[in-house]
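Given as structure tokens, the chain that follows is alone and in the form predicted alone.
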Amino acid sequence: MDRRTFVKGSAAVVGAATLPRTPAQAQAAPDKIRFGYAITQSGPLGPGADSTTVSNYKLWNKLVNDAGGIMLKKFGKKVPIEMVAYDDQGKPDELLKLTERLIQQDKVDMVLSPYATHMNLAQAPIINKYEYPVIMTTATTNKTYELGPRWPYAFWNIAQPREASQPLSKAIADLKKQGKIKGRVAAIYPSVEYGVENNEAFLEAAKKDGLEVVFNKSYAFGASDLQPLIREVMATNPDAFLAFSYPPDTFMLTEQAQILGFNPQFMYVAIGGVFPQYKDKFGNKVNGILVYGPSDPKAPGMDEYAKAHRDLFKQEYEPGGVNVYAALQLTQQAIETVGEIDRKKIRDVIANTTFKTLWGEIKYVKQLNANPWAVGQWQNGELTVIYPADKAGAKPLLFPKPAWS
């Protein structure tokens, strides 16, 4: 795959920069396409926003402009992009003010999503008010099942609680049917919306799948020590251990499980398990651990993407951020299909098209990604994609989890 294909995904117009254009077309063409975003660049969420989202905005900006811009077939030319960015400081009220500013004062052509579930939920009504199509890339909540269809300009990209938790329950149930485990499950979760909702979704699925949940307990988000909780879990002798965790808890509980010698056959951690820093900290001890929000390192274009990321930032990409780059790819494809900045038409293309991206095929049904990558697993020191099992590129589950080494 050459660099042009990597940057554009499956954008509809290839080689169209050479299309003949009339003087009227050339005169009417915009000299740039302005993308705007307000995102957390300071405060506790700043580093995560930078790693997952901002880095991909910057990389896409550079590579698209290196390739000449986005093709607007109405004018028969490629047009470079420009980014307008603000720091929302992690405050929803500030995000709303800045989104208004981007639209009303800066007159941006397109808006990109903020970072974190609560911020995406805060922005969704306003981008719908002004009819700006936005792919929400870092939001997972039960609210999208009800509110998603009410916001036709907001598209939700990552696995929502049911899609993230049901594959875990099914995998454990399948292992039980095969006689490999007894189906005893322990689950813990931080007392934040993400943890609560994903735990509830798992419990609902586990009941249907006939699993025995022998332990289920919340803990204070940001707890300084999880060893007492892990000891409680160990006392129930579970086959499978699920932690609907959030950084830094994901790192702490993994380390403390090793200290205590807790090595369940089936182990899952959530946010942070895909971070390069997770592998850096634990080395091959991560092997066998299942994680939330993976990407396929073998997907077409990933080698070029990884190299471009290293070249620009001097570090490895975050697998959880690949969905952000994919959202940018499909946004570009939608614009090039329409051939101009007509946001209603762009919205309709996004709603009715199956896109080929670095994150696999993406299609939205009732505003939600119909088949997002949900669960990955560290295998042989590399993050792989596991569920949905019928999705192209999915690898078989590694079971049982190797002992800590």
Partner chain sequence: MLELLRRNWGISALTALGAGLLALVPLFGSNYVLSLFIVLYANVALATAWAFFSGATRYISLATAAFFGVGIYTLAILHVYVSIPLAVVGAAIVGFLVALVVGLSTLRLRGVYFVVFTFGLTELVHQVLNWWEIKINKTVSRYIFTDVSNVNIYETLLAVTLITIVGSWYVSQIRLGFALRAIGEDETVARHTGVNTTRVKILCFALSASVMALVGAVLALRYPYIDASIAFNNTWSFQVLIAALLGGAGRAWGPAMGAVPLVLLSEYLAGSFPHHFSIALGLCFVVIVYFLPGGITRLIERFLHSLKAARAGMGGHG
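Positions refer to the first chain, counted from 1. Computed from a predicted model, the values in this text were never measured in an experiment.
Just so you know, the form predicted in complex with its partner chain exists too; it's not on screen, but the next bit is about it.
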**Complete:** Assert contact_stretch over 286-294, 187-195, 300-308, 160-168 against its partner chain in the model of the complex, heavy atom within 4.5 Å, equals 187-195
**Asked** How about residue 92: is it within 4.5 Å of its partner chain in the model of the complex, going by heavy atoms?
**Response** yes
**Request:** May I ask you to check whether residue 200 falls inside a 4.5 Å heavy atom distance of its partner chain in the model of the complex?
**Result:** yes
**Prompt:** Heavy atoms within 4.5 Å of its partner chain in the model of the complex: does residue 153 have any?
**Reply:** no
**Message:** Taking its partner chain as it sits in the model of the complex, is residue 356 in contact with it (heavy atom to heavy atom, 4.5 Å or less)?
**Reply:** no
**Message:** If the cut-off is 4.5 angstroms on heavy atoms, which of these, 98, 334, 79, 135, is the one near its partner chain in the model of the complex?
**Reply:** 98
**Fill in**
Interface check vs its partner chain in the model of the complex: of 343, 363, 32, 58, the one with a heavy atom inside 4.5 Å is 58
**Message:** Taking its partner chain in the model of the complex, would 118, 129 and 141 all count as contacting it (heavy atom within 4.5 Å)?
**Reply:** yes
**Prompt:** in the model of the complex, which residues of 34-54 put a heavy atom within 4.5 Å of its partner chain?
**Reply:** 37, 41, 42, 54
